[in-house]
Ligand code: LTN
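Shown here is one chain on its own, the form predicted on its own, set out as structure tokens.
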């Protein structure tokens, strides 16, 4: 008998556009997981509203993110893709878990402190309790693994603490997922400040390449990329962070080793190297951009994907929610 696949899930907020860094660092490796795991990926729109969003932008970005995921190779036939707010069990279990998370635990979350500092005029209750919603996102599907970056490790630990507390009172209700440390993708830094990670917030500084950028924009960003006063292409992140970052990007999109890259550009200087990296990135992102643009015009197809995804996700999530409701003493619907 064939062994059932282990379950894995991940959610990403549609609060900004996907970057070259997020593609090379993570999404590129996700497509391969579908062969090994039963994967759930959702657009975390409930999480996005802890910070004020323009409603039209949020709707557009949610659909764009879905289209870009499919264009990056996340086949909806092999992965369950859905919009978080379409599966009501997330919010319902999130409320129950609020009542099993301690105030002290939530106030120790470093992301709450960071986001409060950045949004001093909007320190709302959702910002404080969203780790409970995140715990619900995870525990609803009883996953074996949850992919985590360093910035989310604390939330997974809190998820474990809440699950253990609940299980301690009501018996074995939640499976405790193990953190899944993804196969390391390339760590891509900002083109304008190679000491910090490429991110959505760097966009205005010319440091970020977006998946949907035009070839002209990408070429311009790479021509302006920060390098150093030397002229030779050599990998040395400590002494030559800008050039080393460009080499990391070039290696990730061409598969060439650093030695090969050094040999390829020996004696040619940055005036040749930077446009060559830009061109390689343009050709890597071209099919993704074209396919995502095509999908965005096919609203009926995207709707079919997120409806089918929500239906499957809701079916799985309801089993867990029913068990929880019964345990805490709610009258059955």
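All figures in this text were calculated on a predicted structure; none of them were measured in a lab. Residue numbers count along the first chain shown, from 1.
Only in words, not in the display: the form predicted together with L-tryptophanamide, which the text now covers.
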| item | value |
| --- | --- |
| Heavy atom within 4.5 Å of L-tryptophanamide in the predicted complex - the one residue of 162, 146, 261, 253 that qualifies | 146 |
| Sole residue of 47, 274, 61, 33 within 4.5 Å of L-tryptophanamide in the predicted complex, by heavy atom | 47 |
| Stretch from 261 to 269, 292 to 300, 274 to 282, 38 to 46 whose residues place a heavy atom within 4.5 Å of L-tryptophanamide in the predicted complex | 38 to 46 |
| Heavy atom of residue 85 within 4.5 Å of L-tryptophanamide in the predicted complex | no |
| Contact of residue 309 with L-tryptophanamide in the predicted complex (heavy atom, 4.5 Å) | no |
| In the predicted complex, residue 317 touching L-tryptophanamide (heavy atom, 4.5 Å) | no |
| Contact test in the predicted complex: residue 130 vs L-tryptophanamide, heavy atoms, 4.5 Å | yes |
| Residues of 122 to 145 having any heavy atom within 4.5 Å of L-tryptophanamide in the predicted complex, listed in sequence order | 130, 134, 137, 138 |
